[in-house]
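Shown below, as structure tokens, is a lone chain in the form predicted alone; questions about how it binds or moves come after it.
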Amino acid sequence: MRLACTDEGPGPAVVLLHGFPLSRAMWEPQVSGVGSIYRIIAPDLRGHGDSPAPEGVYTMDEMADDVLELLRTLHLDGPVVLGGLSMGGYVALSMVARYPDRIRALMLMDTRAGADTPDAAKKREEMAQAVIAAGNSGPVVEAMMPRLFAAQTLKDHPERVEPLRTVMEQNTARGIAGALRGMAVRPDRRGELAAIRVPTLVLVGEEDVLTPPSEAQALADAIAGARLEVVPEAGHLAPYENFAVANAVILRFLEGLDR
């Protein structure tokens, strides 16, 4: 599948995979900041943004293969720095497990390696049915918006919150249902973490209620040499919500790769 993507900036390639149910728009602070030094490639994963939304279940492996196809299209045949947030992190873990030679370094942001519990998978299916019945993304937008951001951001910074609400509302019911069902059947990758041999940054918002800092700590502990960074005044969308701190962390990590 040909994914829509942003491809901007000089230097080595840094591929950024967005969370659910968003689009590459969430990486705008990184495109304008980190992208002044590095080449930022930020695709819309299938079913999101401007990429196609076919029928069916979007497995994390299938999404990872879409990203690999995009890299081939861009003639990026060597290893790249790969970053993913939340669902994008699930896709990144699929890529590093199955195509380790294509990954130079890894950034796992506000994500986890474990599979859904049966109850969580059931709730995803119920939400998929709700958006299909509604014919739009409304049910998932209303359910997720209060949990994506830190409470203070929701209260004091509508200029950060509302643009992503619009992004979420523009995604189709079919795309959202496909991603929900794909996340519900994703494999547990905790047993694969010890095999990761590339430099790894684990980044999490201090107030993330969906994948809290304790989850990030467990992820970092399982990957040899991984570096954990907690971003203050941020929830589940740490690189977007507190981009000044997140960009500084990301740049330090990237600069360290060349030393």
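Residue numbers here begin at 1 and follow the sequence given. Since this is a predicted model, take the numbers as computed values, not measurements.
Separately, the form predicted in complex with D-malate exists; it is not shown, and the next lines address it.
**Student:** Is D-malate in the model of the complex close enough to F20, M183 and L210 that every residue in that trio has a heavy atom within 4.5 angstroms of it?
**Tutor:** Answer is yes for this spot.
**Student:** Counting any non-hydrogen atom inside 4.5 Å, which residue from S94, N171, S86, T153 sits next to D-malate in the model of the complex?
**Tutor:** None of the others qualify; the residue that does is S86.
**Student:** Going by heavy atom distances of 4.5 angstroms or less, which of V131, M144, L106, L71 would be at the interface with D-malate in the model of the complex?
**Tutor:** For this set of options, the contacting one is M144.
**Student:** Evaluate R124 for contact with D-malate in the model of the complex, applying a 4.5 angstroms cut-off between non-hydrogen atoms, and reply yes or no.
**Tutor:** Output for R124 is yes: heavy atoms within 4.5 Å of D-malate.
**Student:** Look up in the model of the complex whether R24 has a non-hydrogen atom within 4.5 angstroms of D-malate, and give yes or no.
**Tutor:** Contact with D-malate, no.
**Student:** Just one of 86-94, 161-169, 73-81, 131-139 has residues with a heavy atom within 4.5 Å of D-malate in the model of the complex, so point it out.
**Tutor:** Of the stretches listed, the one contacting the partner is 86-94.
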